[in-house]
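Shown here is one chain on its own, the form predicted alone, set out as structure tokens.
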């Protein structure tokens, strides 16, 4: 009897993923070459790659990437350094302090960051600090609120059991509270990292003379469509790499969750 080849659902899923990407890039390459408005306003991938190569050889791309990453990392790191301790404080046993402060923080978290652009420029000018402050503002809220949620979601029985065995305050925090709250913390960090790149581009379009956001704005003003698409691709790739790094770090640090009885 002839045997029938078996294709696993996993292999089929991977094939579909790859084929959808290939079809997307093929359509992207062919559509602008059909002429008309698409040819005017959309650069095909081959032209974008050539533009990226030229920017890389000239050193312009590395300069813009370095400057943008520095701004994003500075704003994101500052937000994490403030949001994480405050999140543990508000999510802990300070209920009165939490009831007073949380409504104010919730209100501030809903303020549209774009409406604060003029305020940041007035306070800090068009210096690096104003751009980093904008990134700091949008990053702090997802990190803070997810940390609070993670701390509040800790099983009280874990804390009581540790205390009953005579665990001190510092060991209790590092061995029980921090590991239990880590999934929520990493969720906030990933959201904050994505938001940092989103705000970075907007911040660099205002009062900047370098950076990927400025490169996008300058290409738009001068109608340099290939350069516009090249900068957009670089921004997307950097965002994906940063998210992958955080996901990898989360898996390494929280690998024990996969083997726990509740997961």
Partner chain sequence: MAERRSGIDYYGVAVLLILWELAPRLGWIDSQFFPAPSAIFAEGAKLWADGTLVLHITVSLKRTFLGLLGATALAVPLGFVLGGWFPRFTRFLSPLLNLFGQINAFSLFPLFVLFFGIGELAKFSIIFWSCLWPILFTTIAGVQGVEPLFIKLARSMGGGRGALLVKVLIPGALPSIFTGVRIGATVAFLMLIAAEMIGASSGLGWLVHNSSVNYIIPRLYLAALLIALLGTMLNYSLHWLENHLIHWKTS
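Positions refer to the first chain, counted from 1. Not measured: the values here are computed from a predicted model.
Quick note: we don't show the form predicted together with its partner chain, though the next part is all about it.
Although the partner is absent here, residue 206 is a contact residue: one of its heavy atoms lies within 4.5 angstroms of its partner chain in the predicted complex. For residue 202, a non-hydrogen atom is located within 4.5 Å of its partner chain in the predicted complex, even though that partner is not displayed. Heavy atoms of residue 55 never reach within 4.5 Å of its partner chain in the predicted complex, leaving it off the interface. In the predicted complex, its partner chain sits within 4.5 Å of a heavy atom belonging to residue 110. Screening 49, 31, 69, 225 for any heavy atom within 4.5 Å of its partner chain in the predicted complex leaves a single hit, 225.
The partner is not shown here, but in the predicted complex the stretch 99-120 reaches within 4.5 angstroms of its partner chain through a heavy atom at 99, 100, 102, 103, 104, 106, 107, 110, 111, 112, 113, 114, 115, 118, 119.
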